[in-house]
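One chain follows as structure tokens, the form predicted alone.
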């Protein structure tokens, strides 16, 4: 799958949730997502945050007033352009084209890092390993990362069954057809890859108020001081 082309095309969607692959998300779901991010990352005023896979910039826009600086990165130049329009007038967000395996950020730059639903779009385990090392590189000592919403291979059939129940069968078929292009790594494997990059890691369940909770999990990483 050419994910760059995929996300560039998504950037022209009718609304910002659709543009970032969250077409089923409603406002309460979004607010619960933001609350989970703030809680897990333990965000504070003065923090520097990397928002990887920033999409249309909604999370960066929401959190920017409470943070020192946000470095918002996305693979898609078209999504970065859309985000720049959404963030017009916000002076503490830096937008950059890039990806989790080769971050356009300097060493030990950020206190916290968010990559929401990003790992599943990497090509293979070696790319995930590279991503883990990049997270370790850009985090300050004592920093924390949330690699959120990773699909659980043990729940794939459950997810497919839920998708097949949707009223729009054509859209359901398109979504199911993409599943083989996603990276479904088990929790234990991600924990091992994180440890190999020198990061302390743990798995956390996704809040039940967020619709993906039944087939995805969060990965929390910490860099030693």
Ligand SMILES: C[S@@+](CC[C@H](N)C(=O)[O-])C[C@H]1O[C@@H](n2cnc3c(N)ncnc32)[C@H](O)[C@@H]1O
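Positions refer to the first chain, counted from 1. Remember, it's a predicted structure, so these values are computed and weren't measured experimentally.
The following text describes the form predicted in complex with this ligand, which does not appear among the structures shown.
Item to check | Option from 134-142, 114-122, 81-89, 150-158 whose residues, in the predicted complex, bring a heavy atom within 4.5 Å of this ligand | outcome: That would be 114-122.
Checklist entry - Do all of 52, 59 and 98 end up near this ligand in the predicted complex, with near meaning a heavy atom within 4.5 Å? => result Every residue of the candidate spot has a heavy atom within 4.5 Å of this ligand in the predicted complex.
Item to check | 93, 128, 146, 75 - the one with a heavy atom within 4.5 Å of this ligand in the predicted complex | outcome: Selected residue: 75.
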